[in-house]
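Just the one chain here, the form predicted on its own, laid out as structure tokens.
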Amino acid sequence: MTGTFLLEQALNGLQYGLMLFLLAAGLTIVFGVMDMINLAHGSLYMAGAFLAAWLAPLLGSFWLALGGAVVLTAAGAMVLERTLLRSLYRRDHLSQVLATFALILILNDAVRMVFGNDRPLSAPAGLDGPVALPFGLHYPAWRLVIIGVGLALAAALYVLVQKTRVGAWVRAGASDRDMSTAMGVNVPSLFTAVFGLGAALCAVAGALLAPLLAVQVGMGENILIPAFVVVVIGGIGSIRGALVGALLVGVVDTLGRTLLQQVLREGLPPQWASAAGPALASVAVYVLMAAVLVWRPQGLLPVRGR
């Protein structure tokens, strides 16, 4: 195990954590502001990936396809929020879970009917190879692009939430919805905009990860549970908490999958170590969540006043 190997795995963990942040940011805002559990959040991530894969050959540009996928996913999500999800805000969480789980099944079949079971999407030309980094590391250029976009969006989201009037409304809504309404905030319009923003972030994550992962029906379910873990670790409704939680989960999961495997190979047959390493890494993420819940039940960086 060398320093170059550790640096590569740390970058992989950073890249995974930032993509988790894009998913968890929308999820935590929707959960925090609307008090709604939206299990269909991962389906928006799937929709973004499929739309990007569909638009890329039509438009002849990955970046135009990315922009189109973001706009279409956000617009579709806002229509969904106004026509269906709005009626669930005053329902209990069990009703929300059941309704949004049904929505997952509907969206999976809808995507399968329109686009098929899977679609390929390649990274833009010139970004599909490795680049030389210090310490002799040759790292995939596309993963560096994902890290750069993730950091830029995290900074933009921080400025939006912490430094603008709209962000103040969102934070007020996360702390006390009724008081926000009493202070004159148009809560229905705020909910629609927040839901559209969360969907747009999902679409960005789906399109950026599409060249690395398989774009297929049901891909949103696999990423949903880690996104909820991030929300719990960071604190419901907290953007800063989502960022910290996502980076923690990304690094623990990625380093755990590689380092634990290396450690286990010292005492176990290679095939056993290859099977046990990833499994223990997944367990490590939930151990991290349990430790945070014991230490700080409200999350690492909860919203003030909650």
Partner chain sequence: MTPARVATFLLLVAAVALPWLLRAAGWDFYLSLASRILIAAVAATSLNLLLGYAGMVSLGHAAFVGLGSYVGGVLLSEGQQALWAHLLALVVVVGVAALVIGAISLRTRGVYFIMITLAFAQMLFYLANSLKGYGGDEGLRVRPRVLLPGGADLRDGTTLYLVALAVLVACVWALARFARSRAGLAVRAMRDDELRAEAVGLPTFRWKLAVFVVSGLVAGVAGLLSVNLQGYVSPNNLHWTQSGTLLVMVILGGAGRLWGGIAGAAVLLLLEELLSSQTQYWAFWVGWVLLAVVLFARQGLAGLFDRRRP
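The shown structure was predicted, so the numbers you read here are calculated from the model rather than taken from an experiment. Residue numbers count along the first chain shown, from 1.
There is another form of this protein, the form predicted together with the partner chain, and it is not shown here; the text below is about that form.
With the partner chain left out of view, the stretch that reaches within 4.5 Å of it through heavy atoms in the predicted complex is, among 65 to 73, 30 to 38, 239 to 247, 45 to 53, 30 to 38. For the marked spot (L84, M113 and V294), a heavy atom within 4.5 Å of the partner chain in the predicted complex is present in each of the three residues. Residue contact with the partner chain in the predicted complex: A156 places no heavy atom within 4.5 Å of it. The shortest heavy atom separation between D118 and the partner chain in the predicted complex exceeds 4.5 Å. Interface membership of E221, defined by any non-hydrogen atom within 4.5 Å of the partner chain in the predicted complex, is confirmed. Remark: F101 counts among the residues lining the partner chain in the predicted complex, judged by a heavy atom distance of 4.5 Å or less. Residue L94 is the only one of M183, L94, A152, A125 with a heavy atom lying within 4.5 Å of the partner chain in the predicted complex. For the residues I106, A168, M179, L212, the 4.5 Å heavy atom test against the partner chain in the predicted complex is passed only by I106.
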